[in-house]
Ligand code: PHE
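In the block that follows, a single chain appears as structure tokens, in the form predicted alone.
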Amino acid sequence: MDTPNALRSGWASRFGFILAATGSAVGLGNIWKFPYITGIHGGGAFVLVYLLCILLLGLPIMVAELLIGRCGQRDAIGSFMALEGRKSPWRLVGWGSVAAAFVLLSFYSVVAGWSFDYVCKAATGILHRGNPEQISGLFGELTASAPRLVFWQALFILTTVGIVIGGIRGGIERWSKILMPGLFGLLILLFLHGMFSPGGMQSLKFMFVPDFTKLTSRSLLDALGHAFFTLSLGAGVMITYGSYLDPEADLFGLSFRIALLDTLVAMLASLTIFSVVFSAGMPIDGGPGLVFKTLPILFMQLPFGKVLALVFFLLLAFAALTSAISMLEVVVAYVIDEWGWRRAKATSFGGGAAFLLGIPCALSFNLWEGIKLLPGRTVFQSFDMLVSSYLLPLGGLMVSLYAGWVWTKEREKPASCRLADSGVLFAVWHFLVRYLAPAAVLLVLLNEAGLFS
């Protein structure tokens, strides 16, 4: 277990880092959100725009965050202080990142608890009983029960704490080597089944044959926004994980592998879900209820549906857990680096505080449904809006401005090791992070603020 003196022992291997960082990026957004927004926006053309956004926006900011963390060798706040001085206003960017990770974990754990509940439902046979209306109604029964939501939220947080408390090598890296291969194995199993189903070929056409007439301005902005959020940018995760990297690590190569694996998961998950939906002759634009309401019904109509449902919700639980680990580590790294606490105490404190903050989010689906923190928004919706619409894109904007304008080329080249030897690639990255990335993230911010509504 890591102590304050041993914290910077770092990753045991770069492969372990890639799995952990990919696990951070792969979450409910890949398996839940990306399929339904792809369905809403018409498939192929939206996917193409999304891939361009990953390449031109996501990758440059990821490299910048990893670079800040590796050169700062501290948590998200401490890295900016190490690079710019303890009293520099840039430390506020780190503060915003840590706050975003903490609040995100608090309400993310509520949604992640749903996946734990559905794993149990699938394993015990509850999903296999009743007619379609009764199966669809199980989700409403879950969210209406405050004790059940808080129980699953607590279990999810305890599982996350149990992993992070083991440290970088003994906890996060070790479990990433278990969870991520398991996640890919389950996903490939479901994908292969989907491709041999009646809806397999139709799902391929929907995903990869672009129809640009279905693209709207909203499609472009949603692709831009999701490309940013899916890579865990703006929450201090890559800064924190980058602080455990060795000086010779190739940040371009590592970032590309992480983005590639994250995108692969999103594509395979979408193809799997679309093949099930098409096989049943259902509409593809089912929205957020697709996973917890529609899919359980459709699985029961397929051969081996009971097994497929269990495998799918295990996949969802694994994805949620790998992301939550990184969110908690952002908070834990800050407490260890800046407060001098030992890992066990810091992890228990961070996980416990996130659980307590998340309870009002769980209650906002039932007992506190009428309480509005922001106009027209429940506590859960308010927290989600605060983080997703403002803290994360603002953090990404400030990181790109810092890397592109404040941290000059002359200072980056000697400090960034392998980046300095990349020649043209370095120049392209610097151009993207200096000009294109800030403009794109600013568009996301303005869109979330309702300017383009």
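So that there is no doubt, residue numbering starts at 1 and follows the sequence shown. Just so we're clear, the structure is a prediction, and the values are computed from it rather than from any experiment.
Separately, the form predicted in complex with this ligand exists; it is not shown, and the next lines address it.
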From 292, 175, 229, 383: within 4.5 Å of this ligand in the model of the complex by heavy atoms is 229
Heavy atom within 4.5 Å of this ligand in the model of the complex, from candidates 258, 362, 237, 273, belongs to 237
Quiz prompt | residue 108, heavy atom within 4.5 angstroms of this ligand in the model of the complex | solution = yes
Is residue 333 close to this ligand in the model of the complex, meaning a heavy atom pair under 4.5 Å apart or at it?
no
Practice problem: May I ask you to state whether residue 327 is within 4.5 Å of this ligand in the model of the complex, using heavy atom distances? | Solution: yes
(message) I'd like to check something about residue 28: if you look in the model of the complex, is any of its heavy atoms closer than or equal to 4.5 Å to a heavy atom of this ligand?
(response) yes
Given 308 to 316, 146 to 154, 374 to 382, 229 to 237, the stretch touching this ligand in the model of the complex at heavy atoms within 4.5 Å is 229 to 237
